[in-house]
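So this first bit is one chain, no partners, the form predicted alone, shown in structure tokens.
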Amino acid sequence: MTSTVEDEARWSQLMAAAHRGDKRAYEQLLRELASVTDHYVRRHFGALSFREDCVQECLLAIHKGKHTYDPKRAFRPWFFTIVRNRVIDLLRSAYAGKEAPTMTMDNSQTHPDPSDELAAGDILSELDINQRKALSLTKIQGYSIAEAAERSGITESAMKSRVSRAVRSVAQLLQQDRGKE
């Protein structure tokens, strides 16, 4: 395994080569960043199939924003800022009901309770049980707000509030985690 300093130097060199038109360097960079992004999403959100869509969306955002990278600056902060912002955007889109990847169970693993799956990610494990359950019912199990509210024995308005607070909490936790990467 390579160190953060080695990754930083290699990624910076690969991006500089990509800016000069080196397609192989760019492909190598995207392969490495895909792996790191997958690890980041898995660590923070658990083993959800949503992570595959999220990784692809992050790579697309990196591709679209590669012209904004300044080789005189550190690569990792630029990279993780894009990843964090894209994950937050995807969570907000999913909450707002816009077309976004659905958070579903990863079929490569079996888990008896989807809320256990949510607890596997360190960010989501920091949510209170009601917020975690609201995300599990609406975003993982796919219940409507009305169905999730009925299953939880609360009003639709209360369920909407829980989901909204959960998404905001995840965004705040990701922002707090910003300096750790």
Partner chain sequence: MNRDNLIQDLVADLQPVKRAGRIGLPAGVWLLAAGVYTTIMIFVSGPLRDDAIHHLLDYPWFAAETAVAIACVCSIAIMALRSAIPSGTPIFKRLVPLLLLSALWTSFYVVGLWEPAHPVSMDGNRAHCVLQTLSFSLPSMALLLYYARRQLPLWPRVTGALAGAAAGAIPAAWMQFACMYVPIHILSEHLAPVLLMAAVGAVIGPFALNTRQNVPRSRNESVH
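It should be emphasised that the depicted structure is a prediction, and the values quoted were computed from it without experimental measurement. Positions refer to the first chain, counted from 1.
One more form of this protein, predicted together with its partner chain, exists but is not displayed; see below.
- Looking at its partner chain in the model of the complex, residues His19, Lys64 and Asn85 each place a heavy atom within 4.5 Å of it.
- Taking the partner from elsewhere, Ile154 is found to have every heavy atom lying beyond 4.5 Å of its partner chain in the model of the complex.
- In the model of the complex, its partner chain lies farther than 4.5 Å from every heavy atom of Tyr40.
- With a 4.5 Å cutoff on heavy atoms, Gln141 does not count as touching its partner chain in the model of the complex; it lies far away.
- A residue is said to contact a partner when one of its heavy atoms sits within 4.5 Å of a partner heavy atom; Asp128 fails this definition for its partner chain in the model of the complex, lying far away.
- In the model of the complex, Glu52, Asp53, Val55, Gln56, Glu57, Leu59, Leu60, Ala61, His63, Lys64, Gly65, Lys66, His67, Thr68, Tyr69, Asp70, Pro71, Lys72 are the residues of 51-75 with at least one heavy atom within 4.5 Å of its partner chain, listed from first to last.
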